[in-house]
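In structure tokens, the next block holds one chain alone, the form predicted on its own.
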């Protein structure tokens, strides 16, 4: 990614950084757009979304829990025997498919209410859940425009050798219903990314690594599924205009808002984990990576 294109990016001042985070107040029934614009709201997305103004968002990016259902036993690389760090976070654990489906349905229902009539939504997941999510979206009336296949150039290898290496994730791009026509699609920019010159729905780029990956105080990755900056850049520049409002209701370590701000878009992020919110503050405080 050519970070030189992001000329608007500047380090946050301390004053602006203090104003970046808004802790959700349970006693507040509604937030005005001015109160939440370019803010990270620390709170439960299912509760906070109900308080946002309806028909106010231009684009939504959702990176929900994948419900990976990984085995409890340790997974080690077969030659060097070092431990593979998979996704074992509490936020990815659900009691059943029904519980997971209910969470996704509630989330997408609240998102639909805050989307403008011409807004679009992107949802990303692996094979573990993307088909369930797509079905729920269609049941709720969303109209799917595309799936975009992210092919990872450096995926985690399949150490056991019992199946194909999972080197892709799928993004669903959709509108609120099939009647929507005047949504944003920057076709000429999209042509830069796909196969050939026809804006094909295949993006080839690496997962988040190196200096781009946020670390905790012990040097371990702060978030197990942090998305690369380049992925969000492609999503945002192909489906929004400068000045648009981008919502990420499960923000993690804030890649969506971080890239939105750098590209002269407004953002609203919601995140329940204080540790991740501190990571977001750190990202905005520092300059864009070299």
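Numbering follows the first chain given and starts at 1. Just so it is clear, the structure is predicted and the values come from calculations on it, not from any experiment.
Same protein, other form: the form predicted in complex with a small molecule, not shown, and the subject of what follows.
Note to self: Residue-level contact is defined here as any heavy atom of the residue lying within 4.5 Å of the small molecule in the model of the complex; does residue 185 satisfy this criterion?
What the structure shows: Outside the cut-off, so no.
Looking in the model of the complex, any heavy atom of residue 272 within 4.5 Å of the small molecule?
Yes.
I'd like to know if residue 246 sits close to the small molecule in the model of the complex, meaning any non-hydrogen atom pair within 4.5 angstroms. Contact check for residue 246: no, nothing within 4.5 Å of the small molecule in the model of the complex.
- Report yes if any heavy atom of residue 234 sits within 4.5 Å of a heavy atom of the small molecule in the model of the complex; otherwise report no. Residue-level check for residue 234: no, no contact with the small molecule.
Legend entry - Triplet 56, 173 and 238 all within 4.5 Å of the small molecule in the model of the complex via a heavy atom: Answer is no for this spot.
Exercise. Of the residues 40, 52, 250, 263, which one places a heavy atom within 4.5 Å of the small molecule in the model of the complex?
Worked result: Selected residue: 250.
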